[in-house]
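One chain follows as structure tokens, the form predicted on its own.
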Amino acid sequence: MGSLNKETIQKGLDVFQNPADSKLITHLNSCVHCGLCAESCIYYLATKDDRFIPARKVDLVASVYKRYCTHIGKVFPSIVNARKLNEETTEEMVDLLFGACTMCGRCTAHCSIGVDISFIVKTGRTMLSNMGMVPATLQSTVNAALTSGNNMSIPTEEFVDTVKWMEEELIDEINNPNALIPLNEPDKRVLYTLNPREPKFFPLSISAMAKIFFAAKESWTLSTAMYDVTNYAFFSGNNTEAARIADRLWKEMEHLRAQTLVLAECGHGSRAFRWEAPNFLKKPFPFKVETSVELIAAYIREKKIRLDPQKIKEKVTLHDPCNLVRNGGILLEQRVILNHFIGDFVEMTPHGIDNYCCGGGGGQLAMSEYNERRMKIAEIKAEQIRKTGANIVVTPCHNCVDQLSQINIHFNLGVQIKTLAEVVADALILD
């Protein structure tokens, strides 16, 4: 970690010294140690390691607050378990707050008195970010987005080539020269975004959504300047960098004069822009923002697209992304879509806002140093999937797709992992 100096330590403590409101102090002092959060956390459930109990993470951040910001903590630190922000403390914070939490919010939902544990974890991450102690693998993903415009540093030429390739494939598939994937076209109703995993690893997801747009006769475009829906600075805790990333997407909306920004299937991307960006940037949206999940559900309700109920005969289950569902409120739309054309749809147990995290959130997929731990907690999700007996697992989040794909191989589940747009595109009835 390297030695800490007073200036570095103070940067971390500034989080406590200048709180924007009373929320942080309230939640730091509210935990009653009832233990309910333990059974809600996949890290504790998978390992039975007491260090991973969410309340212990709250206590870790609170112990630093007490040492520097309360009288008794300054004078009699041992009485209230107040700790100095030294190398030992910061190393423990990095391991527990970055390496043992997906910020899924399940502990917060189960807290008996409503302590926002995810908020406390994110605050601790912000402290570490201020001190320059974000895991290098996670910070490199943020840096890629800041320098290149997308978190995978995909060159514009490569991105355009991929899009044009998918456009050609789509035209051939449906035998219609008008099935285009428009780029940088102004004054469209929809500016659509992508998770960079799509052009890099899952290009068929691009053509799947383009096929849906074509069927719905949508007025839409992609931007080559800023299409990345993700914002890994939300996970690193650096709100300044998160604001820079969000501002680029905001400005591209204004540049292309689109009416609605549609966020691709990415749980944290949806949360980071839709709900957090106005806070980062301190201004309300002058345009409409919605997820592709909501848009597809609207197409079905408004009869803009038709789906063949006989197309997919396998048993299908649904994984609810934490940031889209529990932390974003998108619960019913994906079920409206699947129940509309899937004959054999079965829910996981538990599901919805109580669903277990897949283990890939919170930046875990970017932090390779915690891969072994990430796959250990993934066993819970593997067992959930296995018990459904499903052949296809649908999830409206590309981070979840990546993690579920690894789970599928690691635990020999033998299932197909698909996005919501992919299964909808498979069943489309085209005129």
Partner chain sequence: MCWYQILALVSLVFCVGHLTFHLLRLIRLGKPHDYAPASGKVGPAVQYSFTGAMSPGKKESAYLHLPTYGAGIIYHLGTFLSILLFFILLFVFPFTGLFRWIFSVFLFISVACGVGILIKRMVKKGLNDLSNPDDYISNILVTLFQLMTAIVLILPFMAPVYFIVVSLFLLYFPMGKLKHVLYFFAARYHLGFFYGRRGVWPPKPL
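Positions refer to the first chain, counted from 1. Being a predicted model, the structure only gives us computed values, none of them experimental.
Unshown form predicted together with its partner chain; subsequent notes refer to it.
At a distance of at most 4.5 angstroms from its partner chain in the model of the complex, all three residues S22, G35 and H351 contribute at least one non-hydrogen atom. None of the heavy atoms of P135 is located within 4.5 Å of its partner chain in the model of the complex. Contact annotation for H27: at least one heavy atom lies within 4.5 Å of its partner chain in the model of the complex. Among heavy atoms of E379, none comes within 4.5 Å of its partner chain in the model of the complex.
By the criterion of a heavy atom within 4.5 Å, E290 is excluded from the residues contacting its partner chain in the model of the complex.
Note that among 304-312, 183-191, 215-223, 70-78, the stretch whose heavy atoms approach its partner chain to within 4.5 Å in the model of the complex is 70-78.
Taking its partner chain as it sits in the model of the complex, the stretch 274-298 comes within 4.5 angstroms of it through a non-hydrogen atom at R274, W275, E276, P278, N279, K282, K283, P284, F285.
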